[in-house]
Structure formats: C-alpha cells, structure tokens
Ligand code: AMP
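This document opens with one chain alone, in structure tokens, the form predicted on its own.
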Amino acid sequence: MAFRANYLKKGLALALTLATALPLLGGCASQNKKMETSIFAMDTVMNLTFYGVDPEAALKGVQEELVAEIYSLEDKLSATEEGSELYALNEQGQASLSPETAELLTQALELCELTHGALDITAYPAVLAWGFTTGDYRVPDQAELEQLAAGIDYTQLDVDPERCTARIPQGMAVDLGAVTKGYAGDRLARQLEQANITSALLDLGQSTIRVVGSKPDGSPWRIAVQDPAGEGYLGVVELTDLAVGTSGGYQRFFEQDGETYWHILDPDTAAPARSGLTSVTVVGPSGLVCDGLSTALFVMGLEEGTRFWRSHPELEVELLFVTEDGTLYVTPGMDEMFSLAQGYEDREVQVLQ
C-alpha cells in the first residue's frame, strides 16, 4: 500500500469518512475534557480523540504535538513525496536516515522475515505497475508479472540501524504503507502516556486504530469492523489499550473485463493475492505488527495464517478472518472480545484452536 500524493493541504480538518474499523464512542466522565481533531495525512483522514483533566491549554499542546508527529513521519516515510527519506532511498539506491525511519525499516524487515516474505516491503514496483498509487490502473501481462516478482526480495534491502543508513539494489524500491500508520499509532500512544493521558482513540484511517487505556467511564472502546461484502459493519471488537489492523480486498481495487483486482499483492506472483479471504483483522499490543500481519495473513490465507498464529504466541495477537463464502473464523481471544452486529446474528462464526 503506497501513499498517494496529498490533494488537500495539511492541517485541513475533514469530516470522518467510512473506515475499515470505525470507533463507536460512548459517554465520558464529566471531569474529563475531550480534545479531538481531524486531519488529512498519509493519504487518509485521521481522527484523534483523547481525554484529560489538565487545563485546556495543556491538552491543546498535546494535540498539536500529535499532529506534528504525524506530519513529521509522513515527510520522512512517503514513497511518493520528493524530499522524503524513502523517496531518496528508492531514487538513489542509498540514503541517510532519521532514527525513526531506521527503526521502522528495521522492524518492518523483521516482520518480513517472520512471515517468510508474505509481507515484503520491496513490492513497490509491482504496486506501481498495477497503478494502485496513481489510479492509472492496468493489468500487467504474465511476462511482466514474472519479471516484477523476481525483483521482490526484502533480503536485498540492507539497513544499518546504528549508522542510520540503508541500501537497495538498482531497480528495487521500498514502500512502508503496510506498516507506517501502525508505527505512527504506537509512537502517538507513547506520547500520550508520557503526557499522563490514559484515555484516547487514535483512528489513523482506513485500516488502523490504536486505543490508549479504556473510555473515560472505564468501559472498553468499541471498534466496528466493516463487512467486506457491504457498506455496513459486521461486528464490534471491544478493546482496552490495544491496536487494530485490518486488510481487505475491498479497500482499494479496480475492475476490468468483469474481473476485480485489489491492491494487496502476493509477493510470489506480483499479482493480487487470491487466498480465499476477503478481510483479516488483527488485534494486539503493537500497531506496527497488527498492520503488517493483517497484510501478510491475507496473503497466506486461512490455513497457513492459522498455523502462523499458533507458531507465534509471543506476538500476543488475536485474529478475525472473513472468507469468500462469508464465514468468520476467530481465535479464542478474539471470540471473547468480538460480537456480531445487528442483522448479522445468523453469520457463522468458527473458533480456531
């Protein structure tokens, strides 16, 4: 997933659009002041909401710091914006990095390795070839796909986190869209905690939400998960101090000659992943991991994704898979926090073991 060039000025407040995971807000304790803002960044609308008992001026300062952090990360990590560190790396084959970019690249590579390349941040040339960054959609022929797939190889990306440098071979390019918003959510959550803010909802766009603590009244945050086959939401996840990442073919796609092509590419084929899934939702303590894993698990499919989950309890994630026939598969922890929405009560839900 790549950032498209911003078509609205930074700082412009926008109304919240329908997202993959929508926050369902409840009431708040009267002694808590509510601060909220909406901005356009990283090619999406972001809504930041938090509660605190400090004077309004102090809370406004926290809000300004959060917005500044988002724009700072966007300026460093955009694959399309000239002047960004990632753009320099892709154009020149090497770049000096800020500590934040070096950290994110290092963590993203670790996740690529952990998923055996189901997540591969060097798939950007293939994303470009399909037109998902520009909207100039096209279907590459088989020979081109094979050439593109041969160039996808995260092991060829060399990052030195101590020297804050990175190198890639000629013709390779990196995109961090699958993990950047999750990483941003993790950083914002740490900022809020350092400011003694214990209740916050960070809606970072179509696929990423990070909550800090619980709602001011002590109840969990309620996050809606979109129905990949419709306009509504199929259920609600109740969370406290966790992140949510969702990937689905419906988020960005085009149709040609009766065929639907979505933006989640299989690194092995450089073509849209066809794994039998329509969406994957991941809940866990790390927004970066939730975002990256939702993409990787979508590529893996239900069986391989379930095996991966069983093999990596250290990640502390819970999963919700939606298959093409509409069946929901949840891990035991997800089963405890997820409930079907009205109108979906007859949907089959199977608990993975």
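These numbers were taken from a predicted model, which means no experiment stands behind them. In this text, residue numbers run from 1 along the sequence as written.
As for the form predicted together with the named molecule, it is not shown, yet the points below apply to it.
**Q** Each of 119, 178 and 264 having a non-hydrogen atom within 4.5 Å of the named molecule in the model of the complex: is that the case here?
**A** So, yes: the whole triplet contacts the named molecule.
**Q** Can you pick out, from 84, 251, 72, 106, the residue that has a heavy atom within 4.5 Å of the named molecule in the model of the complex?
**A** Exactly one listed residue reaches within 4.5 Å, namely 251.
**Q** Identify which of 157, 127, 173, 225 has a heavy atom within 4.5 Å of the named molecule in the model of the complex; exactly one of them does.
**A** In short, 127.
**Q** Would you mind picking out the stretch of 45-53, 61-69, 293-301, 314-322 that comes within 4.5 angstroms of the named molecule in the model of the complex, counting non-hydrogen atoms?
**A** After filtering at 4.5 Å, what remains is 293-301.
**Q** How about residue 247: is it within 4.5 Å of the named molecule in the model of the complex, going by heavy atoms?
**A** Answer yes; at least one heavy atom of residue 247 falls within 4.5 Å of the named molecule in the model of the complex.
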